[in-house]
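Only one chain is included here, represented as structure tokens and corresponding to the form predicted on its own.
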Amino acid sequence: MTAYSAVTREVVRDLERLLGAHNVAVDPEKLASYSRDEVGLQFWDREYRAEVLVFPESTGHVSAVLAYADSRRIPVTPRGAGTGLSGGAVPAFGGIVMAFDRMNRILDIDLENLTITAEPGVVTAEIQAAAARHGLEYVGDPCSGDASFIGGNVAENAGGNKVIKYGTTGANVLALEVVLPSGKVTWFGGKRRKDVTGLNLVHLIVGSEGILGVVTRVVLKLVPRQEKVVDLLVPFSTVEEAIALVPRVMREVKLIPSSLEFMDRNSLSIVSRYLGSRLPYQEAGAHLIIQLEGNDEEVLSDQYERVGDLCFENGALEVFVADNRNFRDQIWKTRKNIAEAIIVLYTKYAKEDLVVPTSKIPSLLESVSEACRRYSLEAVNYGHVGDGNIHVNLLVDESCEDWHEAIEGARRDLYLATRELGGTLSGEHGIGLKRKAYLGMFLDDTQLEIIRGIKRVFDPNLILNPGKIVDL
């Protein structure tokens, strides 16, 4: 294990000289707040706490802090908005937490090259709004988009609601300015749609969870904004009927929806308690949200009619057409608040992020039910059915004393079942600190050693976000 240096008063004074005293904090409440993400504190084996907090305002600030920390072997943990679900921004070895609240500018909207350039602390929804003002769209759409920072989206390769049509965050990143742990600054990529000059280091950094470098600018693709949007809310008696529809929409109607989301009965029940509102057919076995978009109202109308007919052929109980803002907002408010409802209404739970081939989703959910029966748990399942990414949430009764053991047993069983189904450990939430111990179930020793080797090339002193993804 690497021996790290402690943050002394002298270190704090040096950081104040580098950044200005107003950009350095040691207040205990602030340190506690910035030392966590959306993973509840009750899930960690001990308290993880930064020793000092820094708020860089520029690439130069980031470079200065990393060069200083690297020379003194002080760990640095980059942090966005703290909306992560893997402990990726938790300072596993203390040291410095580098928060990007003050690097929050949109630097450029290039209408000729259809790009937008932003600092890492810009809220994702602000990027979408800026693009929309020019009749364009940034199609990265994580459910946390109203709060998450674009830098965090890049670090985790965030997915979200529109992956089925537009891909993950990484599919929409053209270039990155990156500060390496040594303090050196470099650019990967550019405002180009094609580039095979050297290795594709843009997509190595995207999804690397902040263990290789710190992103200080990101250049994103924009696309023309579709003027017409329709959401279909489709309840089914069973999960199997709902899932069977998914490939048929693309194969038989010959279109790719912009979103194809899934919610089971339990997810609607819990979010209804939280929001105090209900969707139609609340007690159905499963609901799909199918979003279609276009610029021609007649073409779009024909498309959603054909999709609706196909839904009924597949056993749909009803097809609700949300072609007005109020109903559309109600549907998406329900979908996007499921995770928050769990956090508010429960204290003992595990939020998982499993991915299997779409056809295997019913088998995965049966494995979830088996694990719940075995360990006396309840489950809430929802997610991005179009790309096979299901958020499995294991809930424990508040009176259960050995809940840690029950949840860990269920997680192990689910991971084994996921692997047998050709699935993997995480689709968009990342490995971080939370899932690190289980990565070896999905990657062989050769792959794990490659990851360790890449880490050592970028960060030979192992100061940047140590303790995440793999042990070294």
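Model, not experiment: these values are computed from the prediction. Residue positions are given as counts along the sequence shown, with the first one as 1.
The discussion below concerns the form predicted in complex with a small molecule, not included here.
Using a 4.5 angstroms heavy atom cutoff to the small molecule in the model of the complex, all of Ala339, Lys351 and His429 count as contacting. At a distance threshold of 4.5 angstroms between non-hydrogen atoms, Tyr304 is out of contact with the small molecule in the model of the complex. Put simply, Asn393 is close to the small molecule in the model of the complex: some heavy atom of it is within 4.5 Å. Put simply, Arg335 is close to the small molecule in the model of the complex: some heavy atom of it is within 4.5 Å. Although the partner is absent from this view, Ile290 stays clear of the small molecule in the model of the complex, with no non-hydrogen atom inside 4.5 angstroms. The stretch from 271-279, 103-111, 195-203, 383-391 that comes within 4.5 Å of the small molecule in the model of the complex, counting heavy atoms only, is 383-391.
Of the listed positions (Val230, Ala286, Ala371, Leu85), a single one reaches within 4.5 angstroms of the small molecule by any non-hydrogen atom in the model of the complex, namely Leu85.
Exactly one listed residue, out of Ala379, Leu176, Leu260, Cys143, brings a non-hydrogen atom to within 4.5 Å of the small molecule in the model of the complex: Cys143.
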